[in-house]
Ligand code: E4P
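Taking the form predicted alone, here's one chain by itself in structure tokens.
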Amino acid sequence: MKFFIDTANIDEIKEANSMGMVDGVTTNPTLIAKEDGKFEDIIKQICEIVDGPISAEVISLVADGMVAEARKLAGIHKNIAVKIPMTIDGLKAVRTLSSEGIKTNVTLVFSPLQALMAAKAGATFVSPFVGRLDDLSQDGLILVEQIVEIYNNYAFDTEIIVASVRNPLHVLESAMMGADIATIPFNVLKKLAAHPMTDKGIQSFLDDWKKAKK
């Protein structure tokens, strides 16, 4: 499974990248708005740090506007994957961009049929939002399982990015289902490496070492 980091914070990206845990980055307007600097400058910085797909999102709601924005974004760096919302106009834009060789990430996917349509339109990536479904008392991971099965049935090349990850269990279950990618907030990424028994074991070794040195 590939790990993307879901942030626009340069310090977080650098720290995660130093661990060898960043295969790509996803951003969105909300994440960008939290950081200082212009949108394009932030995206350029991220592309300089991470050699992998970098998702940057359009804000247009009509197909022609999405395509125009996407072409501009794709011109920033060869690794840009343009995030397109899962709408009828979004599908039209994905079809056009796919024919031009521009990578796309269809975002805000909440049903397996939406994911199927995105793949048929030629999306490079599709992003089911598991955490937001959990917030509505639905099991978001069932959506991931359904998409994995559908894509395997028909050998789609579209990669599944499990998004809206809220905890390590989302990552674990997605990996066991065979999802291609999880895009993980930095605070959750750190939790993946943590375990109380690891901390206890380290402290025990240190205590025993001190005794042995006396």
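The model shown is predicted, which means the values in this text are computed figures rather than measured ones. Note that residue numbering begins at 1 and tracks the sequence as displayed.
The protein also exists as the form predicted together with the ligand; that form is not presented, and the subsequent description refers to it.
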Query raised in the report: Can all three of K14, K44 and N79 be found with a heavy atom no more than 4.5 Å from the ligand in the predicted bound form?
Result: no
**Report entry** 4.5 Å heavy atom contact, T26 to the ligand in the predicted bound form
**Finding:** yes
Requested in this report: Mark Q146 yes when one of its heavy atoms lies within 4.5 Å of a heavy atom of the ligand in the predicted bound form, and no otherwise.
Outcome: no
Query raised in the report: Does T183 reach the ligand in the predicted bound form, with heavy atoms at most 4.5 Å apart?
Result: yes
Query - Contact of S164 with the ligand in the predicted bound form (heavy atom, 4.5 Å) - result: yes
Query raised in the report: Which among 68 to 76, 112 to 120, 126 to 134, 90 to 98 is in contact with the ligand in the predicted bound form, heavy atoms within 4.5 angstroms?
Result: 126 to 134
Query raised in the report: Using a 4.5 Å cut-off on heavy atoms, which residues of 74 to 101 contact the ligand in the predicted bound form?
Result: K83
